[in-house]
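This document opens with one chain alone, in structure tokens, the form predicted alone.
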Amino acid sequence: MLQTDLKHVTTEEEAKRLIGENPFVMMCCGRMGPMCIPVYEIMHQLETRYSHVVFGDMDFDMPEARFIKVLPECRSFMGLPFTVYFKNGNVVRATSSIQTEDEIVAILDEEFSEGIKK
């Protein structure tokens, strides 16, 4: 299990339920490594500002992470983490590798602009 302060998702069924029950979900699939940890930390810091978004993580090395890995939007990714943004159950954006807070905020603002606390 990943050592983050995010919502841990451990099964495909749990991921699908989380995505189906929440209109805005940012799911980060990775490891506890130098490219992933900064993304987890940014996500945790943004949870208060984006209280209408569910921020979750999934361990890349678990067989259940195949759910994320085989998404058409992720199939060509080479770097970790795989970060997928779901809106109303559908993928609206997917990125790979390390990202800055500005890059993540830009996506959140563009894709999940409803309900932002400013």
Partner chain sequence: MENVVIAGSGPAGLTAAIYAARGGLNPLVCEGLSPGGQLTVSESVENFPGFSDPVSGTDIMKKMREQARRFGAQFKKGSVNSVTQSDNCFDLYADKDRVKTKTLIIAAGAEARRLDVPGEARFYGRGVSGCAICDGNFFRDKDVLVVVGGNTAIQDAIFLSAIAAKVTTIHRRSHFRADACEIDRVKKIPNIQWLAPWVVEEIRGNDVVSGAVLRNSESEEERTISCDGIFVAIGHTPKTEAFRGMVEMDNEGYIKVHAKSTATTTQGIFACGDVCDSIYRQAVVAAGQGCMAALDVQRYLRKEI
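Residue numbers count along the first chain shown, from 1. Keep in mind that this is a model prediction, so the values were computed, not measured.
In what follows, reference is made to the form predicted together with the partner chain, a form of this protein that is not presented.
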{"item": "Distance check, Thr11 to the partner chain in the predicted bound form, heavy atom within 4.5 Å", "value": "no"}
{"item": "Exercise: Gly89 in contact with the partner chain in the predicted bound form, heavy atom 4.5 Å", "value": "no"}
{"item": "is_contact(Glu41, the partner chain) in the predicted bound form, heavy atom dist at most 4.5 Å", "value": "yes"}
{"item": "Contact label in the predicted bound form: Asp5 to the partner chain, heavy atom within 4.5 Å", "value": "yes"}
{"item": "Option touching the partner chain, based on a heavy atom within 4.5 Å in the predicted bound form, out of Tyr50, Tyr85, Phe67, Phe82", "value": "Phe82"}
{"item": "Heavy atom contacts to the partner chain in the predicted bound form at 4.5 Å, residues of 12-46 in sequence order", "value": "Arg31, Pro34, Met35, Ile37, Pro38, Glu41, Ile42, His44, Gln45"}
